[in-house]
Structure formats: structure tokens, C-alpha cells
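First, one chain by itself: the form predicted alone, in C-alpha cells.
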Amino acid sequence: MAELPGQIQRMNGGINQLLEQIFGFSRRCLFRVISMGPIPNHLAFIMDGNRRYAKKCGLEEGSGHKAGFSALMLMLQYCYELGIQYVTIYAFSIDNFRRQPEEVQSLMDLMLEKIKSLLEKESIVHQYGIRVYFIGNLALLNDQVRAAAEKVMKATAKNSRVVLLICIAYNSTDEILQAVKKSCINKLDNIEASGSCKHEDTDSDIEAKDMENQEKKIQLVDIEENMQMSVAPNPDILIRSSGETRLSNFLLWQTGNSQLCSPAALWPEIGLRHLVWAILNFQRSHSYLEKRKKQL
């Protein structure tokens, strides 16, 4: 009789393993069917609802974000299995620094822990060959978090199967502002290098002057090249959990032709069905979205 609890435990373990195998096989079959249609190249996520999830489940502060990290790892696995090349997540907004100092510090500590975990050999980053970029004003982070982020980017620089862009200390207004500043500096440097800013008393035709003036102007392509998100194509789908439909100053420049999806589930509750539904809606609207992109 003493061995009975052990036998039950081993039986439960075997059943769980069997169920995981069945679920994995079913998921791969589902993905094979979905892949018959167009698959998005880039998914972006606003991971909303971690704190509400903790409150809803009666968990201690910070537990919601830990559960949210587990949900993110599952999403990355599903995206890899579907062949999605780019995934962008809104991890921490510049506006989040306005929260209570204790909460900000707690989030920074959790972020440091999770960033370091990406370097572990058994992490999903090494398992799937994921290249990681940290997008945002990293100077706003403390030294430890910034150093860890830079270490991860350097360690994954040669990975190419999937690209994960983590927006941290980020908002779209700041990204656009920094891109405009860089564009102005680069343009001024080019003008000074070519000597075109010096006035010469020589006769030139109107066309030559127009071309010279045009070269001094900031063009759309100049700003786009200096956007931090220029390392990836624009998102095909933007998913925001918790049913909210606001962009919250996230990828405003890049999401003009993105499919928007806002499932009611809080981020830690996000699952396979929400991802599949978003992709099916994308496939239904794909031809229209492609026409819109060609018109631009």
C-alpha cells in the first residue's frame, strides 16, 4: 500500500505526457492547415492585463507579470512553429516610469531576471535560434538592465531563424523624435562634408539650384532609415490583450496598414485560440491589405 501514492503519481505523469503529445500533434496539424493561406511575417503584441490578472486571481504583486512571461514564451513557440519571422512586444513604456517607484523597481528586477534567463542554454532563444533586439531609449534603464540587454543582443547577433524585438523604455513619440534628430544631424554632416553649405558666386541654372535645395531637405526615407524599428518590416498584425483598442503610443509609425486584434483575454490568459483567430482574420483581409500597401 505504501507504493500506491508513487504509482498514482507516475500514472498521472504518464497521462500528462500523453496529453501533451496529443495536443502537440493536433497543433501541428492545425498549423499545417492554416499554412495553406498567407502567414503573417511580423506579429506585434501589447501585453496588457498582467496586474488585473494578478488581482483577479488573488495573486501577490508581480505574479501577474511572471504569468505573462510564461504566456509570451508560448506565443513565441507558436510563432516559430507557424514560420512567423518577426515578433515585437511592448514590454515597458516610457510612461511606465511614472508609476510608483516601488512598482517600477520591482518591474526592473523582474525584467533583469527574465533578460538574464534568455542567455541560458535551455532558453527558447537558443532552442529556436532567436535574434533579440531591444528597442527604445535604453539610457533610461538602470545600468544592470541596460548591460544585460546589450549582452543578450550581442550573444544572439548571429541567430536568424526568428527575430524578437523587445520594446523597453519605449514609446512611438520618442522613437519618431529621435529619428528626426538623427536625420537632421546626418543631413547637416553630409552638407558640410560636400561643402554645399558654402555660398559661391557662380552662375547656375534653376534646375541645379532646385536639386541642391532638394538634397538639403529631410525626406521620408531619411526618417524611416533612422527609426529603431527599421530592422524589421512593418507588423502585419497587432494584438492587444484585455479587450482594449488603444495603441498606447506603440508603433504609431509602423501600424497604419496592420490588422488590429483585441481579444478580451488578459495577457496571461492569451492562448492558441486567440492567435489562430487573429491569423484567420488576417488571411480573410489579406488581399485588401496588400492592395492598400501597393497604393502607398
Partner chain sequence: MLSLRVPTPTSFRRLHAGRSRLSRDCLFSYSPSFVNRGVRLRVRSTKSEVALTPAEEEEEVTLPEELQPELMPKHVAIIMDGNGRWAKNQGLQPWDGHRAGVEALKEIVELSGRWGIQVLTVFAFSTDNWIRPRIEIDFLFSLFERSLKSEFQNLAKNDVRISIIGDSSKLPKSLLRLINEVEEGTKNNTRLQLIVAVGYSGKYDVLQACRGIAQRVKDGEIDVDEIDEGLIEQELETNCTEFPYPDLLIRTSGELRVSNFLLWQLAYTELFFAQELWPDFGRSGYVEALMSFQQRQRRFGGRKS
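The model shown is predicted, which means the values in this text are computed figures rather than measured ones. Positions refer to the first chain, counted from 1.
The same protein also has a form predicted in complex with its partner chain, omitted here; what follows describes it.
Asker: Would you kindly say which of P233, G37, G58, G243 lies with a heavy atom within 4.5 Å of its partner chain in the predicted bound form?
Answerer: That would be G243.
Asker: Just give me the single entry in Q127, S194, Q219, S160 that has a non-hydrogen atom within 4.5 angstroms of its partner chain in the predicted bound form.
Answerer: Only one option qualifies, and that one is Q219.
Asker: Within a 4.5 Å heavy atom cut-off, is A139 in contact with its partner chain in the predicted bound form?
Answerer: Close contact is absent here: in the predicted bound form, A139 is far from its partner chain, nothing within 4.5 Å, heavy atoms only.
Asker: Does its partner chain come within 4.5 Å of any heavy atom of T88 in the predicted bound form?
Answerer: Contact with its partner chain, no.
Asker: Closest heavy atom of C261 to its partner chain in the predicted bound form, within 4.5 Å or not?
Answerer: Within the cut-off, so yes.
Asker: Are any of the heavy atoms in Y288 no more than 4.5 Å from a heavy atom of its partner chain in the predicted bound form?
Answerer: The answer is yes: Y288 has a heavy atom within 4.5 Å of its partner chain.
Asker: Within 4.5 Å, heavy atoms only, one stretch in 184 to 192, 152 to 160, 113 to 121, 78 to 86 touches its partner chain in the predicted bound form. Which?
Answerer: Checking each option against the 4.5 Å cut-off leaves 184 to 192.
Asker: Could you list the residues in 83 to 105 that come within 4.5 Å of its partner chain in the predicted bound form, counting only heavy atoms and keeping sequence order?
Answerer: Result: D95, N96, R98, R99, E103.
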